[in-house]
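First, one chain by itself: the form predicted on its own, in structure tokens.
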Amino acid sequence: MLLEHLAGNLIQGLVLGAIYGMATMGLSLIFGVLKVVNVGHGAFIMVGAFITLWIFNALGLNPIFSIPIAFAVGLGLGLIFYSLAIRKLLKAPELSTLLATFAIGILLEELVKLIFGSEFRGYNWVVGKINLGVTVLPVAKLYACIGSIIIALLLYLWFNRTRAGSAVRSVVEDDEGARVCGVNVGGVYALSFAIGIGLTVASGVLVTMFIPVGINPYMGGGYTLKAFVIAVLGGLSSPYGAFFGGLIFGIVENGSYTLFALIPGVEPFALTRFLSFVMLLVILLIRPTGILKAK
């Protein structure tokens, strides 16, 4: 019975891990190109969640249609915040960009709170379930997993098959060399930040497809923590590594929850949070470059 329950949770963790990985790709892309640590990452995931909630409740459209809309909104927000704040702080001390992204995150949270209120919300999108024997997987979660994989593949193709993607890769390798070769480095910075934020906001849609409840303006904190662990696990500058790191993290998180539930007198969910910090510390000590090198 325990093994069956563990197997079911591992399958659920693999599906969730794909969403975690996609949610972290934007964070890794921004750091890889701009060397900016976006500590407001979770707030942008929250924005994507509220976009999904509004489109589902107000327009009656299923969450799949929210993905391109959320990505477009994220692109816009990325360009706005890059132009207003990040562009002017690229050469400043690292603490300046940390504080700027932290302030941006708080600004988004308070704006959403002002518009929608602070109460917890959710939606009910029922599209059936699949019985896998060891677990029952809602089709909505499967759609979210497939969506994550498709977006990751599209990003890979964009990086490797387009001129803009090649320009981004050249800037990652050597921004001064790219500038000498005629690459508009400033434009690449703006584009990379916008795409990174776009991916993050779009991931908020996929997160709600897996967990369609608990949507509130301050939901992003836990996702920020997980994103940093996943980013370090996969290589902080590697979007591809972030995706595979998300798969590993999802499996470890769900698997450990099953095992922690066997310990009497403890809260399994709290221990999984503790495990996240332990994983982060161990990775930094043993392999600070992550499982994949930056690309």
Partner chain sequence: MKGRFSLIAISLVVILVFIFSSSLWAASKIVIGHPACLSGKYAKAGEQALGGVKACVDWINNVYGGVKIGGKKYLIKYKYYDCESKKESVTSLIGRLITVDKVNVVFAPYSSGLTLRGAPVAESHRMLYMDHGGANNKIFRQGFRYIVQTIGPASRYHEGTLDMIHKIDPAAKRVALAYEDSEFAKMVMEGAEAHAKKLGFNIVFKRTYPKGVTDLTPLLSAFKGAKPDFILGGGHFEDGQLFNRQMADLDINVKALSLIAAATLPAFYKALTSMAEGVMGPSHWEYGVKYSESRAKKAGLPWIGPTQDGFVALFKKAIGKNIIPDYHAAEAGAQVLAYVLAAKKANSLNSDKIRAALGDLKFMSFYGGWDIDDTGLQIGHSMVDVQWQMGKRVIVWPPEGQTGKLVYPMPTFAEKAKGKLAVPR
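Positions refer to the first chain, counted from 1. It should be emphasised that the depicted structure is a prediction, and the values quoted were computed from it without experimental measurement. Think of the rigid core as the biggest set of C-alphas that the two forms share within 1.5 Å after superposition.
A second form of this protein, the form predicted together with the partner chain, is not displayed here; the remarks below concern that form.
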I'd like to know if R161 sits close to the partner chain in the model of the complex, meaning any non-hydrogen atom pair within 4.5 angstroms. no
How about F210 - does it come within 4.5 Å of the partner chain in the model of the complex, if we only consider non-hydrogen atoms? yes
Taking the shortest heavy atom distance, is P68 within 4.5 Å of the partner chain in the model of the complex? no
Would Y123 show up as a contact with the partner chain in the model of the complex if we use heavy atoms at 4.5 Å? yes
Tell me which stretch of 58-66, 257-265, 239-247, 44-52 has a heavy atom within 4.5 angstroms of the partner chain in the model of the complex. 257-265
The single option of I80, A72, V136, I150 touching the partner chain in the model of the complex, heavy atom within 4.5 Å: V136
Compare the position of the CA of L271 between the shown form and the other one after a rigid core fit and state whether the shift reaches 2 Å. yes
